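Single chain ahead, by itself, as structure tokens, in the form predicted on its own.
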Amino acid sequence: MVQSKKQKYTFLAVCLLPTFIMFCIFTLYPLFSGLYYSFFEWSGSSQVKTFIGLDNYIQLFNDVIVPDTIVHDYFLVVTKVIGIMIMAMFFAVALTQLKIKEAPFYRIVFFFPNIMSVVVIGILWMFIYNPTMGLVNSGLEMLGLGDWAKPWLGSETWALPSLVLPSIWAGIGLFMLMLMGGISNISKSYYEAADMDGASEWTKFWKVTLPLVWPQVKISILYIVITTLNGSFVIVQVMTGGGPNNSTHVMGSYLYQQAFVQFNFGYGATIGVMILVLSLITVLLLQFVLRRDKVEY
């Protein structure tokens, strides 16, 4: 049956309209509401909102904690990108190229943390880092390295680095599967040709595997950056609450503290605008830096 253009466009509109409505309600409305509230002094629960113009933004630039939260966020971004991508790539190559019989089992094992709630992961690692009963300090003492034992989450120096390991552990599985999908689609003839040329395994990885899975690598890096800048506050809030002495506060956790603990909702909305702007700038820069010509052999 031949459809007219009107019928075709009506069908597309009916299919797209529910998604567009949901996008407006859960994305556009909160976005513009946050921008609107950033110009007000508001507790978040009172009916009284006082318009203060750019005062919240002036306070943002004068807030001594804000630069630290930005540094903490980008510290987590850099360490997570490096840690997750190296580990995910290693396991992806190992499980696809080494023909390990137990590969399906290991896929499940590595992916398991991704189906766990971030709250559960945070609580689990709080027990691991426990200064008296935790696995880390107990393991160090068993190895005769008791002097290295520390109150990991209670130290201003070590609290933030201690958040890196659970963040990496929780993210390896998803990106490993993404990379495995890309590696599995590479024709074996490329590796056979490389073998005929006498290429080593390392050379095959750099010259064949990595260039051909670069689209998956790029998507993985961008996803890690976006989710870290916008979602790292969850594990921070669970494990340290931003402490000790604000040493682990990221932009999201500081927003939560201002808006929902100190009831300074207008200033919290201002921090949210800052997170949006920094996220957009970071993603645009990464899109440019990670740009590569399509590789075809």
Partner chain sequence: MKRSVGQILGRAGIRIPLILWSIAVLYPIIWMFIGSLKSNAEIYRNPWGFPEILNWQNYVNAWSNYNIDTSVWNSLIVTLVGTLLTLLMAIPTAYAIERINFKGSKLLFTLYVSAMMIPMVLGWIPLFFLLSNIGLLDNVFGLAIVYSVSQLPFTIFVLTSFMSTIPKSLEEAASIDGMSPYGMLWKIITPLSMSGIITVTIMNAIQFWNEYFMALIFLNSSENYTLALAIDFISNEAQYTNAWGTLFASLIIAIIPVIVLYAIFQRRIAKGMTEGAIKG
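Keep in mind that this is a model prediction, so the values were computed, not measured. Numbering follows the first chain given and starts at 1. By rigid core we mean the largest C-alpha set that fits within 1.5 Å across both forms.
In what follows, reference is made to the form predicted in complex with the partner chain, a form of this protein that is not presented.
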| query | finding |
| --- | --- |
| The partner chain contact at residue 244 in the predicted bound form, heavy atom, 4.5 Å | no |
| Contact label in the predicted bound form: residue 276 to the partner chain, heavy atom within 4.5 Å | yes |
| Heavy atom of residue 157 within 4.5 Å of the partner chain in the predicted bound form | no |
| Distance check, residue 99 to the partner chain in the predicted bound form, heavy atom within 4.5 Å | yes |
| Selected contact from 206, 112, 75, 191, since only one has a non-hydrogen atom within 4.5 angstroms of the partner chain in the predicted bound form | 112 |
| Residue (of 210, 149, 120, 82) lying close to the partner chain in the predicted bound form, criterion heavy atoms within 4.5 Å | 120 |
| Non-hydrogen atom within 4.5 angstroms of the partner chain in the predicted bound form for each of 144, 182 and 185 | no |
| Heavy atom contacts to the partner chain in the predicted bound form at 4.5 Å, residues of 225-262 in sequence order | 226, 230, 233, 234, 237, 238, 255, 256, 259, 260 |
| Did residue 27 shift 2 Å or more between this form and the one not shown, C-alpha, core superposed | yes |
| Exceeds or equals 2 Å, Cα of residue 16 between this form and the one not shown, core fit | yes |
